[in-house]
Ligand code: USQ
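Take a look at this single chain in C-alpha cells; it is the form predicted alone.
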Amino acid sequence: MRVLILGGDGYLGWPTAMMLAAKGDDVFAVDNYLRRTIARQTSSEALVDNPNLEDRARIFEERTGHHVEVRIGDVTDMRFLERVVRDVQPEAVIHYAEQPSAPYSMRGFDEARLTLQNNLNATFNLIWAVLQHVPECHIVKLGTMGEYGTPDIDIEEGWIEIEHKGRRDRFLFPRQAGSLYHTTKILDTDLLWFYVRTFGLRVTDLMQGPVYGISTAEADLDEALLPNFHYDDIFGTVVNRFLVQAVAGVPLTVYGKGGQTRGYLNLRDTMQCIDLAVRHPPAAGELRIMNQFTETFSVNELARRVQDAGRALGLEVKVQSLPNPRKEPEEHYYNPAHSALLDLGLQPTYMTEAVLCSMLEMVMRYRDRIAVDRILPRVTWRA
C-alpha cells in the first residue's frame, strides 16, 4: 500500500513509519518538527537524543534496506499538504500531526491557541486534500480515550443507542474532555463525522489510551531509531514518567488520591492496532470508532506495579502524593468497551513485571541523561 503518515517524526509516527516500511508498504512520512520545537521551548526534551527525520530514515534504510520517503513541511499549510497528497496518491493516511499534550494546551493563552489552531487546521486540511485528490483514501485518525471523560455509565466504542420518548436512534457517545487538547480531539471527530456523512469519506478514529514503552522490533536495531521517549510532566505519559522516576530515585508522583483510572497500552500494541486498522478499512461513508487500549489501571495501581518491578531490579522506589494540578475526578467509575481491535486480531502485550523490568533496564542505560527538574508538575489547570 501507499501510506502517508502525518506527524511521522513523533513518538508514534516514527515507529509506525518503520513498521509499515518493514512490512513492504510504500511509506511517506511528513513532519514540521513542531513537537520537537515546543519540547525545547518548555525544557522537555526526550530522554534519548533522536536524529532528525531525514537522518532517521537514512539510518533505517542502511540497517534494513527498507525506505521511508520524507517530506518536511507544515500540514496546516493547505498548499503544502495538497501537493503531498496529490503527488503520493495514498491509499491510507495516518493522521498523528497534532499537538499531543494536555498540560501544554493548559499552560497559557499562546499554548492553547497553538493547540486549537494546529490540531483543527491539520484535520480540516487533510479532509479537503483527500476529498479533492483521493476520495477513496482511508483516513486513520488518532483520537483519544480522553474524549469520553469519566461518565458514570459504561463507555461504548464511539457510538450509543438512545431511546427517548418511545423513539430510538444512534449517536456519537457523549464526550466531556478534561483539557483543551482533548477538546480539540472531540472537535476532530465532529469534523470527520460531518464530512463522512456528507461526502462519503471512509474514516477510522482510534480512541487511544496513554501509551508506554520505548521498544519496537525496528527501534531495537539501533539507538538512533528509538522513538521520542518523553518523561517530563508536559509530554511524558504517566507510565514512562514513573519508569524514569524509579531509575532516578525520584518518588513516583501520584496526583491527588490516585484513583484516576484510564486504559493503557504498550507501544508495540499501538503498532499492531495501526496495522490492523490500515489493513481492514471501513466502507465508504462509514466513521468507524475503535477504543484502543488493552488494560485499565488507576494511577495508584500503576505506581505499585512500577514500585514492585523496581524492587525486583534492586531499586528503592518510593511513592509520593502531590496536590492534583489538573481538574479531574480522582475517584470514579470507568468501564470502557474495547472489543473491536481484539476482534480484528490484536494480540495484547500486558503490563507484566517482566515487561516493566525490561523497560526499566533500558531506561537505566540512559540514567545520566535524566533531568529531574522536568518531572514535577509545572502546569496547573488554574487560570
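Since the structure is predicted, the reported quantities are computational estimates derived from the model, not experimental observations. One-based numbering along the sequence shown.
Missing here is the form predicted together with this ligand; even so, the following discussion is about that form.
- Taking the partner from elsewhere, Arg326 is found to have a heavy atom lying within 4.5 Å of this ligand in the model of the complex.
- Although the partner is absent here, Gln260 sits close enough that one of its heavy atoms falls within 4.5 Å of this ligand in the model of the complex.
- Proximity of Gly236 to this ligand in the model of the complex: non-hydrogen atoms within 4.5 Å are present.
- In the model of the complex, this ligand lies farther than 4.5 Å from every heavy atom of Pro282.
- Taking Arg241, His138, Arg175, Arg71 one by one, only a single residue has any non-hydrogen atom within 4.5 Å of this ligand in the model of the complex, and it is Arg241.
- Scanning His182, His230, Arg202, His95 against this ligand in the model of the complex with a 4.5 Å heavy atom cut-off leaves one residue, His182.
- Partner proximity in the model of the complex, defined as non-hydrogen atoms within 4.5 angstroms of this ligand, places exactly one of 142 to 150, 106 to 114, 126 to 134, 187 to 195 at the interface: 142 to 150.
- Not one of Gly310, Leu315 and Tyr366 is positioned with any heavy atom within 4.5 Å of this ligand in the model of the complex.
- Residues are counted as partner-facing when one of their heavy atoms sits within 4.5 Å of this ligand in the model of the complex; in 68 to 102 these are Pro100, Ala102, in sequence order.
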